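Presented as structure tokens, the chain that follows is alone, the form predicted alone.
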Amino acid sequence: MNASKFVKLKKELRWYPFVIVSVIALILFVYIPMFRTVQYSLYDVSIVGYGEKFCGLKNYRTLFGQSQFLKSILNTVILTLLSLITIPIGFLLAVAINSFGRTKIQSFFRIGYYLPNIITGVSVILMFQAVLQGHGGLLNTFLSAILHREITIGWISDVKYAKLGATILWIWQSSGYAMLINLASLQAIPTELYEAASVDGANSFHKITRITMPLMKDCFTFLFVTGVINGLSRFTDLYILGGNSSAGIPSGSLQTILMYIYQYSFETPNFGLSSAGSMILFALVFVFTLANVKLTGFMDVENN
């Protein structure tokens, strides 16, 4: 090996310590737990490292035979679909803010709507527990003032309204992010297209439907895919709204798959069931994401 090749190899080796640290961290904290989860889903495990017995697909059969788990799947899907309301709301906010032009007023509203994303999640949830209370809650007080009659809806205590109350919290906390992404896409559209459309006699509705919406397809796809993934993995807000319980109070109406996994991992440990639940959640996220990508043609757009 000549001197030049040795010097080149020595320079390249300088970067390997940085890469090795990341690889070791991934192996210890991601890949090993992931493979152990797959293993535990096929075992009867009450205490990790003690009395583990291979049981095949028994844990999966047990889960799909439990009405509680099936209900958690349904709750997860419904809450995920409701959380996607943030996409059209974010778009409408972005259109309204964009109409101000690149002014200080636009900056004020842009920061104001995005502020809920900056506030600590737990503090927002605790605040909304007061907003969504059935008696004396700020939302019911506001509705009572408008409708001129007393409104006492239990937004987080009534089974019929609990999902709607949780969605109100999600919309308030997440619409700012959707607005910011939509606004960035709106401002990336060349103004010449709108000017040419105006010359041709197009009104505002035609500009939105013929220019804005088609050119923002990639933005909507991104928000849709990430929104589904985030919706399927909801935990913290629902856990605190339910009184720091993974049972999904009231009456399991807010228990998602992730909360079910938490329940059988920490509250009533059965690591075989919780691991099987984790694998089912992974499969659900994978299928939803793959379906979204296929239906929206997101990968085709990226390849082009």
Partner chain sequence: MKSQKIGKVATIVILGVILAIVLVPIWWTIVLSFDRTATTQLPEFSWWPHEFSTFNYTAAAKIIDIGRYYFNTLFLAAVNTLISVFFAMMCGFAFAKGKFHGKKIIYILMLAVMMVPFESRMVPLYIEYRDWGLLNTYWPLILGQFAYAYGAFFARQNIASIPDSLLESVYLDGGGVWRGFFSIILPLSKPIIATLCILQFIAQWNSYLWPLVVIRDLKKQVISVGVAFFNAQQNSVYYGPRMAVAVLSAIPLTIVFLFLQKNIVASIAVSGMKQ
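Positions refer to the first chain, counted from 1. Quantities reported herein were computed from a predicted structural model and do not represent experimental measurements.
Absent from the display: the form predicted together with its partner chain. The rest refers to it.
For the candidate spot formed by Arg110, Ile181 and Ser278, every residue has a non-hydrogen atom within 4.5 angstroms of its partner chain in the predicted bound form. Checking 80-88, 189-197, 157-165, 227-235 against its partner chain in the predicted bound form, the stretch whose residues place heavy atoms within 4.5 Å of it is 227-235. At the 4.5 Å threshold, heavy atoms of Ser174 stay clear of its partner chain in the predicted bound form, well away from it. Proximity of Tyr31 to its partner chain in the predicted bound form falls within the 4.5 Å heavy atom cutoff. Although the partner is absent here, Ala247 is not a contact residue: none of its heavy atoms lies within 4.5 angstroms of its partner chain in the predicted bound form. Of the heavy atoms in Arg61, none are within 4.5 Å of its partner chain in the predicted bound form. Residues of 205-242 that come within 4.5 Å of its partner chain in the predicted bound form, judged by any heavy atom, are Asp218, Phe222, Ser233, Phe235, Thr236, Tyr239, Ile240 in sequence order.
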